[in-house]
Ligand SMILES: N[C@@H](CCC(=O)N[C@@H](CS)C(=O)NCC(=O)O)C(=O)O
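Next up: a single chain in structure tokens, the form predicted on its own.
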């Protein structure tokens, strides 16, 4: 049994962000499925935000809220402090701040469109026994995402967002955009730096392994991705 256990779902981009951080650092961890849709008493105890993921450090506490941290950004910061090598946050103070901003931009702005506007419109509708809301997904893709993708494309320096090393910014953006890719055909060719970045990041074990679990789950309900053209 590992010191760290992640509670959540492979379908959550924020959960995959945390898993990617752990995998990049080579940290063993356990995973326990937990849903906010049908919250258990345990979930309500350890997740004050009523969201996933949550992490528990068993070296701190094994029951109740003791030893737990909620919110993916807080969790990733905790992991970095507990296991500083290899670093996933830039050493330079300015780039450190910028990496935090890109992470927040992804979580607070990109995720509601890629996840809420595209993924939920398609997959949550299926889970409710309805037809996928393809029009809502198309509107999100064609009207709301392009300015965000243009901005992110402009921020990439070389292979990564900052200085030749993978950071929490790269992980966050990749996991968020791949949420839309779970259910829809996404063409990033108008944003060549971002497209190359995504292709490179998708090959990393830290991204590919958690994503494969999500892919298996989604394909059971949605065998083929939906075109948003």
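Numbering follows the first chain given and starts at 1. Given the structure is predicted, the values throughout are model-derived calculations rather than measurements.
Just so it is clear, the following notes concern the form predicted in complex with the named molecule, a form of the same protein that is not shown.
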query	finding
Distance check, residue 210 to the named molecule in the predicted complex, heavy atom within 4.5 Å	no
The named molecule contact in the predicted complex: residue 12, any heavy atom under 4.5 Å	yes
Partner proximity in the predicted complex: residue 36 to the named molecule, non-hydrogen atom cutoff 4.5 Å	yes
Interface membership of residue 51, the named molecule in the predicted complex, 4.5 Å heavy atom rule	yes
Proximity to the named molecule in the predicted complex, single hit among 153, 80, 133, 71 (heavy atom within 4.5 Å)	71
Among 52-60, 24-32, 193-201, 159-167, the region lying within 4.5 Å of the named molecule in the predicted complex by heavy atom distance	52-60
Residues of stretch 100-133 in contact with the named molecule in the predicted complex (4.5 Å, non-hydrogen atom)	107, 120
